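Here's a solo chain for you in C-alpha cells, the form predicted alone.
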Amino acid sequence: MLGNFTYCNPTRLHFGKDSLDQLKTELANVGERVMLVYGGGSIKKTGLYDKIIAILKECGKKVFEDAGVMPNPTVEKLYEGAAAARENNVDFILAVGGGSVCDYSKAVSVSAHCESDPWEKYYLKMEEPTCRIIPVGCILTMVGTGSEMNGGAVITNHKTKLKIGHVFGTEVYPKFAVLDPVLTFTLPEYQMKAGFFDIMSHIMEQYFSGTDDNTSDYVMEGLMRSLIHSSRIAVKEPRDYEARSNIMWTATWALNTMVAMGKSTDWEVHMIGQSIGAYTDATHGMTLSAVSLAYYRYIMNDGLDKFARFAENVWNVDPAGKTKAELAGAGLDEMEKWMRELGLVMNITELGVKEEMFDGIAEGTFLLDGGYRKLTKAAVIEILRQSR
C-alpha cells in the first residue's frame, strides 16, 4: 500500500534546444545583484559564459562572480562563497554547471545570512534554515545529480573526512532551471558516463525499498529501461540529441522527489560512495558504480522479490527454469554487463581506495534503515572488500 504523502515541487523547468532564451524572462523576476557561480572555466571556452553575461547585462543586472567550484565542493569554498554573497548583498544566485555547482549554490543560499556555522548547523546537526535564503536558478551543463529540481546540497569536509548531503525543503529548491541537452555535449566522456550511473543509482536507491505494489516502482522501471537504452546510444554517439535529451529528462525525474513519494528508500550506496569521496575526491558517479554490485549482491536475498522483478522487468531476463534467487542474480549479472559496456569504474582500487582506509570510510558512512537490510560498520567493510 502506498504511504501517505504531501508532494510539492516549485521549480520551473525550461527544457530543450535554445531554452537559454528563457533566461531573460526569468531574470525579470529577480533582484538587481546577481552572483554568477560556475566551475573551472569550461563555460568560457564553450562561449556559454559570454552568452549569459550578455543576457545579464541586457537585463540590467550587477554581476558578482564566484568561480572555481570544484567537483566535490568543500566547506572552505562554502565559507568563501557565503561571505561573498553576504558582503555583496546578493539578491539572486545563478548557478551554471553540473550538480556540484547547483549543490554548492543552494548551500551558499542558506549560509550567506546564517548566524551560526553552516557546516555545523546544516551538515552535522541537520537543522533547517531560519535565516534569509537567497533564491537560486540553475543552467545545466551536465546531467546526473537531479540537483536542478530538488533541495539537495552535498558538501565535503576533507579535514574531518566527511562528505554529507543535506536535503533542504522546497524553499531552497531552484526557482527555475534551464535544461538544454546541447549544453552537455562538450562534457568529457568520463564525466558523461559517471553521470549516467549517478542517474541509475538514484533510481535504484528508491526502487529497492518496500514490498508493496505501488505506482512509483512501475514508473522507475520505465525510467531505468529508458536510461539503459539511451546510454548505449550516447556512449557511441555522444552528440545524439534524442539520446542525450532523454537521459537529461530521466535524470531530473530520477531525483525530483516524485518517485520517492510513499516509499522508505535506501540510499546506502550513496552513503558509502560519499564516504569514499571524502577520502579520495573521486568522481561521485564512479564511487557509486564501484560499490553498487557488491552492495546489491550483499542485500539481494533480503529483498529477493524486488530483485527478481528488477531482473524480469528492467533487464528482460527470462524467468523460465530459474529459481527466484537465480533470476535475481541474473538481473545483477545483466546490470554488470551494461556497466562494463559503458566503461564505468568497477572497483574501488581504481579510485585510489586502500585497505587502510576501510575503517575510516566505514566510520564516515551514515547507516540508514530504509532499505532491505540495515548495515553495520562490519558490513560496510565487507562490501568494500568485495568492491576491490
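Predicted model, so just to flag it, every value in this text is computed and none were measured. We number the residues from 1 along the sequence you see.
Note that the form predicted in complex with ligand NZQ isn't included here; everything after this is about it.
Novice: With the partner left out here, check for me: in the model of the complex, does some heavy atom of Asp198 sit within 4.5 Å of ligand NZQ?
Specialist: Judged by the heavy-atom cut-off of 4.5 Å, Asp198 is in contact with ligand NZQ in the model of the complex.
Novice: Can Pro188 be called a contact residue for ligand NZQ in the model of the complex at 4.5 Å between heavy atoms?
Specialist: So Pro188 counts as contacting ligand NZQ.
Novice: Does ligand NZQ get within 4.5 angstroms of any non-hydrogen atom of His270 in the model of the complex?
Specialist: Taking the distances in the model of the complex, the answer for His270 is yes, it comes within 4.5 Å of ligand NZQ.
Novice: Going by a heavy atom distance of 4.5 Å, is Gly40 a contact of ligand NZQ in the model of the complex?
Specialist: Taking the distances in the model of the complex, the answer for Gly40 is yes, it comes within 4.5 Å of ligand NZQ.
Novice: What I'd like checked is whether Val69, Gly98 and Leu183 together line ligand NZQ in the model of the complex, meaning each has a non-hydrogen atom within 4.5 Å of it.
Specialist: Judged in the model of the complex, Val69, Gly98 and Leu183 all sit within 4.5 Å of ligand NZQ.
Novice: Can you pick out, from Val136, Val291, Val110, Met142, the residue that has a heavy atom within 4.5 Å of ligand NZQ in the model of the complex?
Specialist: Looking at Val136, Val291, Val110, Met142 one by one, just Met142 meets the 4.5 Å heavy-atom criterion.
Novice: Considering non-hydrogen atoms and a 4.5 Å limit, which listed residue (Ile93, Ile276, Leu255, Val178) is close to ligand NZQ in the model of the complex?
Specialist: Contact with ligand NZQ in the model of the complex is made by Leu255 alone.
Novice: Counting any heavy atom within 4.5 Å as contact, can you tell me which stretch out of 301 to 309, 223 to 231, 99 to 107, 127 to 135 lines ligand NZQ in the model of the complex?
Specialist: Going through the listed ranges, the match is 99 to 107.
Novice: Could you list the residues in 124 to 155 that come within 4.5 Å of ligand NZQ in the model of the complex, counting only heavy atoms and keeping sequence order?
Specialist: Counting only heavy atoms within 4.5 Å of ligand NZQ in the model of the complex, the contacting residues of 124 to 155 are Thr141, Met142, Thr145, Ser147, Asn150, Gly152, Ala153, Val154.
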